[in-house]
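Next up is one chain by itself, shown in structure tokens, the form predicted alone.
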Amino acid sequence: MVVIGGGPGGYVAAIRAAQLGAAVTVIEKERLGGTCLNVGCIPTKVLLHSAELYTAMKNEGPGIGIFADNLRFDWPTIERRKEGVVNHLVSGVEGLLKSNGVECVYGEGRLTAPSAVEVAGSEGRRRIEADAVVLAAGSESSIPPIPGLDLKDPDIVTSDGALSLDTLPKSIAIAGGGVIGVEFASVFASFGVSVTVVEMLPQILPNVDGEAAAILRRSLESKGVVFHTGARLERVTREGKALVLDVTAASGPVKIDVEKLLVATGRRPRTSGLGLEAAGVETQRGRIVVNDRMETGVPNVYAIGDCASPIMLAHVASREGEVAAENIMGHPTVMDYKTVPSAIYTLPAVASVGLSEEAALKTGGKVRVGRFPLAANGKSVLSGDADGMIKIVSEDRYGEVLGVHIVGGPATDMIGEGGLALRLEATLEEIVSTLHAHPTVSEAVGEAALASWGRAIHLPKTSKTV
């Protein structure tokens, strides 16, 4: 088997196939780990971790009896730590592939036939034939055609550039209020940067439960972040050292002067140069077409991750890699997206799985919603992270859980319980009867289930249904 791309989809597919007895070659044109490990999930979370610690020491330290005189942060040190973590984890992936007997070839891979791949690297060209090929080429930043939006300007950056700033600007505008945009807004605001977010849709985090997104927005606004939602970036011009953004907002035209602009308007599949036409692989709107076994329309050619998946997340790519490898090796498996969690590492964090309240109501059935504020949870109060809630959406007849949404606390670590509930088709009764340790934030999950019936122990009586 040959895998084109060594990101979280590609290297997992390679390891799983090797476990099942395949001889595997991974072709990677840059560094193993892909976008996620090198310029995505991991480095942004390193910055967010530093921001979280700094914010906690600055805002909460004196109140809990911990004093740090002359508290300050050093951005170059934070950047060096980010690079160290990334390099450590890239080395870990290299070690995992080596221990599983996977060969790594560095260069650009392209299909020349359904069973043949050509690699162009520093040592010339090489042809590799295989029984199966997995395309895992990932994605790249999508840049909208806005006048003046020129990435040749060093003050206009994508998320890649925002991760490697030599110094922090005094002000930054972020075009896009999705996951990438709000995570960077959280980082920059924590370190004192003046942040303005321009989002075209009426809500930041458009794919997140509206109530959860509103809580995060209020929290970021309390840290000084300015949001323009339902707003369109029309033009970018330079006036001296400043960038001037012309924005059409609901209230009328707005001009925003900033030092830097981060373009966080989404990502698009990376499929050019893969030789798809030569092999007869179909694409739609730039995305490789696959079925639920991750097969393309060409026998023995599979595609996974951002270049093919409807959900561009690292953990989705990894699972798709396992599905592809298992099917290639004769173990029929299908991809199921029902329990895909979303994790947003802002301050406070946001995580969800399943249907939002809005989506559940659109199904036409009677919906029950239970909410439990973290301000009523002992562990959240004592840890100073009580600005959030847990929300459970269920259907009314049997109480089956349809969605779980968490804002604040260890939301991104706890959402796995919600995913398991959906996978097992759990009911509110089963969540309530599952004991949660005290004192933990997870207790709030049981309380949210009880709140669906107006029975939360640590809240005044709540309404039963929505």
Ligand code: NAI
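Just count from 1 along the sequence shown to find any residue number. Here the structure is a predicted model, which is why all the values come from computation and not from measurement.
Heads up, the form predicted in complex with the ligand isn't pictured, but that's what we're talking about next.
- The shortest heavy atom separation between Gly321 and the ligand in the predicted bound form exceeds 4.5 Å.
- The ligand in the predicted bound form comes within 4.5 Å of no heavy atom belonging to Met329.
- Although the partner is absent here, Leu313 sits close enough that one of its heavy atoms falls within 4.5 Å of the ligand in the predicted bound form.
- In the predicted bound form, Gly178 approaches the ligand with a heavy atom inside 4.5 Å.
- With the partner omitted here, the stretch from 141-149, 386-394, 103-111, 118-126 that lies within 4.5 Å of the ligand by heavy atoms in the predicted bound form is 141-149.
- Only one of the listed residues (Leu220, Val198, Ile172, Val290) places a non-hydrogen atom within 4.5 angstroms of the ligand in the predicted bound form, and that residue is Val198.
- The contact residue chosen from Asn377, Thr271, Ser190, Thr265 relative to the ligand in the predicted bound form is Thr265, the criterion being a non-hydrogen atom within 4.5 angstroms.
- In the predicted bound form, not one residue of 89-114 has a heavy atom within 4.5 Å of the ligand.
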